[in-house]
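For reference, the chain that follows is the form predicted on its own, supplied as structure tokens.
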């Protein structure tokens, strides 16, 4: 672009480059999704259709941006981890956050009908985003552990809360019943009053979703005789697994590689 007398305005653009040598985590979160879920009749406490849609959108983010190493999602939020050495978009926070959020949101809208057929999209889904840098592997693992622990705490509470509401209690009465209860007490309440064994609930609800790339055999074409030609590809894959203990990180040591 040719220089002009107006180009001085570029001086007002602030440098928002993220710290070098650090893990970058971009967390996106649904705006007003309590009302959004009510408007669209989401099943409480968990609507698998909506969770699967979130997972599919996260997979598309990994497809679009190779620098995203893994993602973790629960409810209406998703965290995307970029490697310490990434130079994607010069590590500019505004560029990275805006592109990941827009990619996720665009896929949420375009794939809605496939995951919630018969449920028209009656309002515009919106997500906010933020980028945080973590200097150490241990910091990153603690962040992801925090999100997974939050998933369990929220899911156990919500499972109890909605069981009580569906049994006839008002939301205020359900909150009062659960106030001050510990994990074991909530499990006992679910089993004794509703016959629900919390341990047997879907892992997706209890642990959230982990998205990583795994080697998968895929059909790339067909021969003249109709037989498929398979090739190994690294494709985004959703896992419902524990990421707090060491086993996951030992099995997928490449995720923390420099």
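Residue numbers count along the first chain shown, from 1. Given the structure is predicted, the values throughout are model-derived calculations rather than measurements.
As for the form predicted in complex with guanosine-5'-triphosphate (GTP), it is not shown, yet the points below apply to it.
For the three marked residues, 185, 188 and 198, no heavy atom of any sits within 4.5 Å of guanosine-5'-triphosphate (GTP) in the predicted bound form. Note on the interface: of 86 to 94, 68 to 76, 174 to 182, 99 to 107, the segment with non-hydrogen atoms within 4.5 angstroms of guanosine-5'-triphosphate (GTP) in the predicted bound form is 68 to 76. When guanosine-5'-triphosphate (GTP) is considered in the predicted bound form, residue 193 lies well away from it, no heavy atom lying within 4.5 Å. The shortest heavy atom separation between residue 204 and guanosine-5'-triphosphate (GTP) in the predicted bound form exceeds 4.5 Å. In the predicted bound form, no heavy atom of residue 214 sits within 4.5 Å of guanosine-5'-triphosphate (GTP). In the predicted bound form, guanosine-5'-triphosphate (GTP) sits within 4.5 Å of a heavy atom belonging to residue 43. Of the residues in 219 to 240, none comes within 4.5 Å of guanosine-5'-triphosphate (GTP) in the predicted bound form through any heavy atom.
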